[in-house]
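Here we start with a single chain on its own, the form predicted on its own, put down as structure tokens.
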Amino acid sequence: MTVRFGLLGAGRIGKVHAKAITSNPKAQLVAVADAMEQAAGAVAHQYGCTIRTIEAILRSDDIDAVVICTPTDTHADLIEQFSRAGKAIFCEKPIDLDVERVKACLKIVDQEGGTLMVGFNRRFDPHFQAMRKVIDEGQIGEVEMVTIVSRDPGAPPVDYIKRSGGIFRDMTIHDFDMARYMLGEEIDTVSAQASVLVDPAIGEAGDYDSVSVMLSTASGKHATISNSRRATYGYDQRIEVHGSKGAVSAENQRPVSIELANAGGYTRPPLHDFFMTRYTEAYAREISTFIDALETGSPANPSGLDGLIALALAEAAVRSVNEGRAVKVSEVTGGLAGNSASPRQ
């Protein structure tokens, strides 16, 4: 089986997915669409696909699935359009910035019997998956606490900040999903603190650049998240899971894993510079999993519901900061009837 893809959006993340698609022997990148002709042309030239409009891809009989990498405010509309057109959909997070809009979108997907997978690539990182294997095998006993450190090497442009939905919906949303993935239970309560410590312009745009979040489940398990838009030493990505019988952790990764020892002491190469190189294998595994779901007819995971829950956690964090209190997730979701998402799928 060869899945024929249309790529919607040829920006930074679009290029990452173009590489993942064309590296998979079961996939073919047929067409790319982007409002910026130069961006679409670069992808088309590098990977030998055609340039089409989104409307043309929607009508194309030679495309089975699309990868949505367009601006966030277009995601929900595109998901609905392509669901109705019978195309399988892989969409970068988030589905939308509004919980109710996401609920409405997922209802359309369900009505159309569509396939939707949401891009939480960190679930597919081999190091984090190895941690999960250790947890599932019971080697650290019952999970009790999770600690997630995720810090970017530098802040994005302020123009991006203004339309991103804020740090919780744009950046921390990955860590909310990883907290669910490692805890194996749904989050009940969110308590967050946020500051502007990196760039005053980010605060002037109505956002934060430094946040800490405490998550708790109904059974009392905890997860803590530390985010910053500035890590002078590289892309900082670490997770530790503490259990009743031990702990497991994943340390930072480097392009080259060596250690030099001489008269000056012990030194190691710098960390990866950002997500494009740190998570190369995760993106490849992610697309492979999507293709496998289409091939076998099995549910795509992470699902649209996983995307909705992560967004609800982000919204709860925003409310916690604004109101200075711990927020129950149920206040945001109003309850999710028919919740079939699994943190550990």
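Predicted, not measured: the structure shown is a model, and the values here were computed from it. One-based numbering along the sequence shown.
Keep in mind that the form predicted together with a further copy of the same chain is missing from the display, and what follows is about it.
With a further copy of the same chain left out of view, the stretch that reaches within 4.5 Å of it through heavy atoms in the predicted bound form is, among 154 to 162, 269 to 277, 87 to 95, 71 to 79, 269 to 277. Site annotation in the predicted bound form: the residue of Glu186, Asp170, Glu112, Glu144 reaching within 4.5 Å of a further copy of the same chain with a heavy atom is Glu144. a further copy of the same chain in the predicted bound form is approached by His127, whose closest heavy atom lies within 4.5 angstroms of it. Looking at Val134, you'd find a heavy atom of it within 4.5 angstroms of a further copy of the same chain in the predicted bound form. In the predicted bound form, a further copy of the same chain sits within 4.5 Å of a heavy atom of Lys245. Not displayed here, a further copy of the same chain is kept clear of Ala179 by more than 4.5 Å at the level of heavy atoms in the predicted bound form. Residues are counted as partner-facing when one of their heavy atoms sits within 4.5 Å of a further copy of the same chain in the predicted bound form; in 213 to 234 these are Val213, Met214, Leu215, Ser216, Ser219, Gly220, Lys221, His222, Ala223, Thr224, Ser226, Asn227, Ser228, Arg230, Ala231, Thr232, Tyr233, in sequence order.
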